[in-house]
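Take a look at this one chain, the form predicted on its own, written out in structure tokens.
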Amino acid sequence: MAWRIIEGNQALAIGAKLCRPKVIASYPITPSTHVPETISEFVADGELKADFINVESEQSAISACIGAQATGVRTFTATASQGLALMHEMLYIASGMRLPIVIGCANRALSAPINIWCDHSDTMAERDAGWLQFYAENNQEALDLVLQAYKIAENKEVLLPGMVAIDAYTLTHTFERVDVPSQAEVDRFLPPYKPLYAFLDPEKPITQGSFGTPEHYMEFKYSQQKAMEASKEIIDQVFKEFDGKFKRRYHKIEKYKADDAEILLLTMGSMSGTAKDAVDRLREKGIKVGLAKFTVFRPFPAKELIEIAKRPKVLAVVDRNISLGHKGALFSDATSALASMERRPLTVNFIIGLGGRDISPQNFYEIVEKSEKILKKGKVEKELEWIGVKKEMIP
């Protein structure tokens, strides 16, 4: 291993290179453009032996990956926001065809109005597409999760595509110290891709993406659901194996000072680092607050959340997205998972940091202060709270 100072986009690109994809399809979109740019340099310099395809749109990029993956090779692409939205149709096809493609996604707000900064609306809009979803807190996690995403996606019990999401600018363009493993170390962790079937082989033709009549379609969806459920155990196995080889342990939900917490923050992505800082400072004041950070959003880690939620009295679910007309996606899934508990914590949703608005420790102090009031009253009067909204600017 070797320490390097790299930005989040480079971490995704280096992680992809170490996995030896044979086809990379590229269409640039801010703020993920540095990912294919970096990979193109690897290919041009001979560091990565792969076909680098410049395409005319993001839909073409994922389509090229689907076609290449169907021939039995490992593929990679990167995108963000409207680019991911343009892939929407093909995301379902990649999953339905059980092709373990990996995408690096720079989380960016969806238009309108046009915005190139961070929130999670883009990947959350695709949470039902049948893709594994991983969220990185920092650049080290960005690289590590790419390596693990391939290992999980290609497992014969899974065979589903995966996306690794990193926050726009906060990670994509910010330089951090990252421990980069050697190619030999990654090769020992991730063997060459061996497809279950010899796809698109003219000597042994099979049907791919065939017409699904009512007599058959439901069983395909059932099969995908079973694979997503099976991936939970595979994720745990791969995370454990990764720790054994690289000495960095990942969990579907990472706990931080959560064991005795009365108020527990639920977060995803780069805001988790800011939240940990706020937890430390609040702990110094004697406030029993902790954190549960979701590294995996799909499959949703319901069992782990239920176990974590047994101790706290208030769950403050912090979403960097909003499902308009309802609440945040993490809150919706969390409350659904907790419905089976006999004693459920009081749960409230906080919307924060949309469109790249800064998330500060002060925002979490406000969230915890509101949570303390809920704790004192013993009930939730307002289930949805917006943090940092400038009311004088509301159109």
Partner chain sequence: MIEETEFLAPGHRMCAGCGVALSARIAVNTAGKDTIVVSPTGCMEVTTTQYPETAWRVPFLHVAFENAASAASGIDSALKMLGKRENKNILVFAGDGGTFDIGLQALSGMFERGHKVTFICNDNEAYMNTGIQRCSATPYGAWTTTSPPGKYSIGESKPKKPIARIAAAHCIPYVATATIAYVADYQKKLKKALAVDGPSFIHVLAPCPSGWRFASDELIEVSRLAVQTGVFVLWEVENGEMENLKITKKIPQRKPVEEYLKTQGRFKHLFKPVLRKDVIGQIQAEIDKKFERFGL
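Residue numbers count along the first chain shown, from 1. The structure displayed is predicted, hence computed values, not measured ones.
Not pictured, yet referred to below: the form predicted in complex with the partner chain.
Stretch in contact, per heavy atom within 4.5 angstroms of the partner chain in the predicted bound form, of 202-210, 273-281, 145-153, 116-124: Contact criterion met by 202-210 only.
Can you pick the one in Glu229, Asp128, Asp259, Glu89 that has a heavy atom within 4.5 Å of the partner chain in the predicted bound form? By the 4.5 Å criterion, the partner-contacting residue is Glu89.
Proximity to the partner chain in the predicted bound form, single hit among Thr30, Asn54, Ser40, Ser360 (heavy atom within 4.5 Å): Only one listed residue qualifies here, and that residue is Asn54.
Gly67: heavy atom within 4.5 Å of the partner chain in the predicted bound form? Gly67: yes, in contact with the partner chain in the predicted bound form.
Quick one: is Phe220 in contact with the partner chain in the predicted bound form, heavy atoms, 4.5 Å cut-off? Phe220: yes, in contact with the partner chain in the predicted bound form.
Answer yes if any heavy atom of Gln237 is within 4.5 Å of a heavy atom of the partner chain in the predicted bound form; otherwise answer no. The answer is no: Gln237 has no heavy atom within 4.5 Å of the partner chain.
Spell out, yes or no, whether the shortest heavy atom distance between Arg343 and the partner chain in the predicted bound form is within 4.5 Å. Answer no; every heavy atom of Arg343 is more than 4.5 Å from the partner chain in the predicted bound form.
Heavy atoms within 4.5 Å of the partner chain in the predicted bound form is the criterion; list the residues of 92-131 that meet it. Going through 92-131 in order - heavy atoms within 4.5 Å of the partner chain in the predicted bound form - the hits are Ile93, Met97.
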